Each structure stands twice: as C-alpha cells, then as structure tokens.
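In structure tokens, one chain follows: the form predicted alone.
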Amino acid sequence: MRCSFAAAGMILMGGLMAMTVNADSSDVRVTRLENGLTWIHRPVRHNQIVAFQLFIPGGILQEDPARAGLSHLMVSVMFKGTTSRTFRQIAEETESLGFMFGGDAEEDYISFSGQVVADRFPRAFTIFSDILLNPSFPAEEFEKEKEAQLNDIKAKKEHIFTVAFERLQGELFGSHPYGQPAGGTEETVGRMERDDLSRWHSKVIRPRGAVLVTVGSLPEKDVTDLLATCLGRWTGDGWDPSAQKELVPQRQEQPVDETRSFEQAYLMMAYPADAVSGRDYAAIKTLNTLLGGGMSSPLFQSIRETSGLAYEVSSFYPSRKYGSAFVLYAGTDESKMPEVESKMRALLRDFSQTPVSDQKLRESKRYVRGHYMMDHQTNERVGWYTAWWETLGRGHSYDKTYLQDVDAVTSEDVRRTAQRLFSQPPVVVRIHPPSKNNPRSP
C-alpha cells in the first residue's frame, strides 16, 4: 500500500522555511524546504550508522554533447579541495572520523553519498557540505582527474561489452543525452578547462528539485539543526525538466556491423522500452528475469549451456526516467553469430506467443524479491533506493510498493508486454573481429 501524506506543520531551519509531512504507515518524515530541497528522514534504531544520499536531478541530461563527461569530471574534482580545506586536510579529517563518502554522475542525476557512526555524523556532514557548496577545483588535481578520466575512456575501448553498448545507445537514442557516453569522449574531455567545472557547478549544484535522504539513529531534531547550519544558505533554481529534449528512439533500417580488434564477436539487440514510470515497468523487470536472469534462464540454457554457441549471454533493462530499452547480448565466435541471433529472435517470439508457466513466474518473482531485499541490508542502500525512486518520479514510498507491483504481474501481463516490445524492429549492433584476409581492418 502506498504511503499517504498529511501536513504536519511548518518549521524554521535557520534561513529555511519548511513544511513537514508524515507518512502514516511508517516513521518516514518528508520535509519540503523553502529552497526547493526535499529532505526525507528514515529512522533506523537497530544500528549506530547514519547514512545520507543527495540526488540532484538532471545529471548527464543537462550536458551539451560537445561537453559530454563534464559532470563526471566535476564530481571527481569536487572532493579534491574547498575554499577552506586542502585535499590533504579533507583526507585527514574524514579518515579520523571513519567517514566514507563519494559521488557520481548518472544519466538522470548527480549523486553524493556518505556514512559514518552516528555520533560523528554532524562533523562528517559539515565536511561534506563544504565540499558540496565550496569546491575550489585545484588546478593540479583537475589535471590529475582529467588525465584519469581520459585513461578510463581509453581503457573502455578494450572491453567489447562497453564498445558494443555505447554504439548501441548512440544508434538507439541518437542526439539525446542518453545516446552519449556517460564519461564523455577523448575529444570532449580533452578540451575541458578548469573554469568549465566552476561554471558547471554554479549551474547544476542547486537545491530546487534535489532530494536528500538521511537514514539512521539520529533524532530528527538533530538533523534539522544540522541542515540549518550546513545548508541554510544553499539557494538557486535547479534544472527545469520541461526543457529536456524529447526522447524518440531511433528506428534502424539495417543492423550496424563494426569491425574492432577483438578476438571474439559480440551481438547486442535493443527494443525501445518503458521509462521507470511506465505502466508495464514491473512486468518488464519480471520479463527480463524470466528471459535472462541467471543460469537457469532460457537465454543461458538455449544459447550457452545446450548449444555452446556463446561464452556469455544475458539481458538487461535499465531504469531510466525518460525512456529505456530491453537489451539482449551475447559474446560468441564470429562463425556462430548468425545462429545466436536466430535463436535469440526465436526465444522472443516464443515469449510473445506462449504464456509462461505459473511455476516459472513464481520463481522469477522470488528471484527479483531476493535480489532487491538483499540490496537493502545497509542504511546506505536503503537511503539510495529512497532517493532514487523519488528522483525518478515514482516517489520515495515506491521502495515499499515496487515488490507488490512485481507480485501482481500475471502470466498474461508478461506475454502481452513481450508481444508489445518485441513486435518493434530492434536496433542491432554486431562487433566483428578483424577478417583473416585483412587482419588490420579497423
């Protein structure tokens, strides 16, 4: 059952006016701050760890293709010094506290996280807020992180899955930010300057629309006072989702065949699929588990175990706010690729035409439930899911109801969803090894 909310009153937090609402089915407290930040507090009393997650919407979605990779670089350099702390001082302070923290840039958001023992949380969050609001982007550290990101981009070219997937995303999503490499390219990152990070930080690190989740044993009042002290002057309008370019998946006339200097061949097939808010989101997650979840899945059994056609094979369905894709992939020998593709298409036809058995459906739901619950064992992961669902538009309470939606999926839902997805023309990318007749082919 979804949590419903009722207004509980207004509070003052330093310079921030806030409205607090109660979740009537749990201890979760949601506070909408005047600066536009949503703070969600989840009390946990069985341990003494306090974790936080801060999600700022937009992320890579805001990047110009010519600036791809800017958010990743900005986040990595933010931790290297502030206007009042050097990188060494940050390292010494956080190590003395046992404070673990980090940040990332994803397609739909920029995120920061941290966890520490409860009685050290006020000091740890004070350090984090300094990093968040006052990064100095030291020139020497900028150059180091830029070089590291360039090396990472080069290293990815040695991984056939990444090469295939980045090409697939470009073919499927075109000029939309989802079609760009998340970490950028050698060209886009190579021309970035230190001042680019400062300007980008001023533009995107804004509270309006952001989600802060705290999970742990600290009293809500203590966190309230801490936020007033640390974030009381954080203001500014955030990213406007209405300005986001519409996502229109590309329709591919012919498969893409690309030759790369790998020993093996690789096949990827993608079918445009629902955003995380879609009606069939839970059904597609269940379908993905039925098709490619584990060694007992039809993909694994048919293509690898029984036929020996591939050294790896699976499927996945990323959760994205504005649209996604159902992706199947296989690593194989060049001579076996046509048969692998043929078997994949046959499996998809079967799922579109034949209802899955009740037993298989139950097993798949248990698989989804087990993995989801196992990933909620720490305060840090509980906070991550809470912030993630809220940022993607399902609402923080969907962390409680997602598995109910999965449990409600029927065999007919799976068949209908498979029929809808797999009746579309797929985007197909094939990575081939160099020809024996032309070993230097690109």
Partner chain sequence: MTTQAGHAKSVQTLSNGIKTVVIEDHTSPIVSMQVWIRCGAVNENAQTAGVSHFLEHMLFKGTPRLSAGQISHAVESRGGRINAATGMELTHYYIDAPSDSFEESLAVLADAVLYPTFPADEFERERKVILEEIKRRNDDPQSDLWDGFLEVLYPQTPYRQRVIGTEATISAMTREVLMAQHQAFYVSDNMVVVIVGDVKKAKAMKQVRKLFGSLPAKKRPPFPVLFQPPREQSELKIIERPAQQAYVAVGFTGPALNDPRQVSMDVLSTVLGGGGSSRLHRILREEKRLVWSVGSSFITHAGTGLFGVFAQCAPEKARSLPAEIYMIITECESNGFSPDEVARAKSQLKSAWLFSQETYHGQASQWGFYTALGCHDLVSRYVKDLDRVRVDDLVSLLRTFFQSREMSGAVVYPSAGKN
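Under this definition, the rigid core comprises the largest set of C-alpha atoms superposing within 1.5 Å between the forms. Positions refer to the first chain, counted from 1. Bear in mind that the values here come from a model prediction, so they are computed numbers and not experimental data.
Although not depicted, the form predicted together with its partner chain is the subject of the following passage.
With its partner chain left out of view, the stretch that reaches within 4.5 Å of it through heavy atoms in the predicted bound form is, among 102-110, 192-200, 80-88, 226-234, 80-88. Its partner chain in the predicted bound form comes within 4.5 Å of a heavy atom belonging to E145. Within this chain, H176 is remote from the site of its partner chain in the predicted bound form, having no heavy atom within 4.5 Å.
Its partner chain is not drawn, but in the predicted bound form it has a heavy atom within 4.5 Å of H371. Not displayed here, its partner chain is approached by Q264 to within 4.5 Å at the level of heavy atoms in the predicted bound form. A heavy atom within 4.5 Å of its partner chain in the predicted bound form is found for exactly one of E258, D240, D333, D130: D333. This chain is displayed alone, yet in the predicted bound form one of P207, G293, G183, P135 has a heavy atom within 4.5 Å of its partner chain; that residue is G293.
Using a 4.5 Å heavy atom cutoff, E141, E158 and Y311 all lie near its partner chain in the predicted bound form.
Interface residues of 362-389, taken as those with a heavy atom within 4.5 Å of its partner chain in the predicted bound form (partner not displayed): E363, R366, Y367, G370, H371, M373, M374, Q377, T378, N379, in sequence order. Comparing the forms between this form and the one not shown, the C-alpha position of R320 differs by less than 2 angstroms, with the core used for superposition. T354 is not among the residues whose C-alpha shifts by 2 Å or more between this form and the one not shown once the rigid core is aligned; its shift stays under 2 Å. Annotation for L73: C-alpha shift under 2 angstroms between this form and the one not shown, rigid core superposed.
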